[in-house]
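One chain is shown next in structure tokens, namely the form predicted alone.
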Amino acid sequence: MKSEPNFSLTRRSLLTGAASAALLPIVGMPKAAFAEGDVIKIGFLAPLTGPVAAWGKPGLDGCQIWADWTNEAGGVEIGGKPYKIELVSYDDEDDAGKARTGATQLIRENEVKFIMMLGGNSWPGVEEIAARQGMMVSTLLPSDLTPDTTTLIAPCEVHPIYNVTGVEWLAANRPELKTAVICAQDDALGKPSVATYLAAFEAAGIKMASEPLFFDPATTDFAPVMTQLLANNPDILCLDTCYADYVQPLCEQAFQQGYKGQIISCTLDFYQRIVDRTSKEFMEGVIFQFPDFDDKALNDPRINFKKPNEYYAEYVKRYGATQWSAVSWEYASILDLWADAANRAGSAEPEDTLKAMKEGGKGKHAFGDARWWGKELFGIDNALVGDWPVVVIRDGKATIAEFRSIPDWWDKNGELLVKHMTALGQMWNQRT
């Protein structure tokens, strides 16, 4: 067996330098001069420690690059004046109670103008205070949206809806694959994602070889899980939106149990580790949804993320390639949208920036032009939806295979998604 490289992101020792449940001011070193007091604070409320930190801390690191670059270039111009951006973070540990405490401090003590969250398990702790204070909050999980969450937006990641693009691409390029199985942790991330994959498989004419397998989030032994999944010899093994700490052992178990079929997953964080623990041959062709930003396909003119290749190089320089995850760029792309909206509004106040951001019902998503959407699924048009990349492992490296349209899939298959969301109790009116 190959030896495991020394990765710092592990379930038990993940980013131990982060202070749990404490505010961490993060100030860049801008070359530009700003007038005293011309500072706008942005809140970052996400898991920085614990098993979900891979979807928080790498995003905070990416935001620091964004803030440094922005401040060095003169800050964000609002109402004719340049403002320095200061990030203030709080480790919510993916816990609703800690998130509520963090949101309260960020709003009342730090006077932030915008809060970015991972969402999901932590959002219920913030919902009431965000509504009461009129605070604009972003989530990476639009399944948090309801008609009552008027100040909550999903302007970047439209989890889990983008997963339909991977299945659609797979069906077009591997039509001989006819059966699939799926597993997920039994929580607010896993369930809506399973519903989405089920809808996508049905739309593609792919049959489920067995019922979805939901496992306890406390699971550590994935051998029985994989044995059960592979019992019916599926053509496709779907790992849903399993956490990074689950995807690696699931892939290792599939490898050890001799699986030879297609793997598809929402994320594949730290995939280099999985390649090392299995083999290039085993991981060849694995499909997921998050590219490395050194991919040349991101230099397409329709891409709205600024200097993606340079950003990736800077990220690797500061933090190392093994720290790059699905969220390393996402929060930074949300800051791009926020800065543009604040500039156009001439104000950093949450109500003004939210209005400017949604003006005309369209927006500049990281992967191209998009529309504010979601009323049919979430009860409110607060998710920015457009194209999303399908990523394939080729020779051990993540490669964008194609960009596919989420709205186009929805227009053809929306009823299927509503059906499966309803069956798993994930429609907004069921969740509230």
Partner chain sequence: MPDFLLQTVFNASYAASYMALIAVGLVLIFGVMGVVNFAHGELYMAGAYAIVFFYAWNGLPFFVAVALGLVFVGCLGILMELTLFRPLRTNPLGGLIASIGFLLILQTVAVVGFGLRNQNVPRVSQGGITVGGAVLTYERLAVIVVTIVLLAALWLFLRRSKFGWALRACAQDREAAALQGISINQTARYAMFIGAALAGVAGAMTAPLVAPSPYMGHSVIVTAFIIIIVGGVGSLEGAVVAAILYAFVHTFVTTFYDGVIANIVGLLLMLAVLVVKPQGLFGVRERA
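Residue numbers count along the first chain shown, from 1. This structure is a prediction, so every number in the text was calculated from the model and none was measured.
The same protein has a further form, the form predicted in complex with its partner chain, not shown here; the description that follows concerns it.
Contact with its partner chain in the predicted complex, defined as a heavy atom within 4.5 Å, holds for exactly one of Ser210, Thr104, Thr278, Thr150, namely Thr278. When you look in the predicted complex, the only residue of Glu109, Asp300, Glu351, Asp221 with a non-hydrogen atom within 4.5 Å of its partner chain is Asp221. In the predicted complex, its partner chain sits beyond 4.5 Å of every heavy atom of Thr70. Among residues of the shown chain, Asp216 is one whose heavy atoms approach its partner chain to within 4.5 Å in the predicted complex.
By the criterion of a heavy atom within 4.5 Å, Gln64 is excluded from the residues contacting its partner chain in the predicted complex. Residue contact check for Ala231: one or more of its heavy atoms lie within 4.5 Å of its partner chain in the predicted complex. The candidate stretches are 110-118, 251-259, 156-164, 313-321, and the one lying within 4.5 Å of its partner chain in the predicted complex by heavy atoms is 251-259. Contact with its partner chain in the predicted complex, defined as a heavy atom within 4.5 Å, is made by none of Phe367, Arg371 and Asp387.
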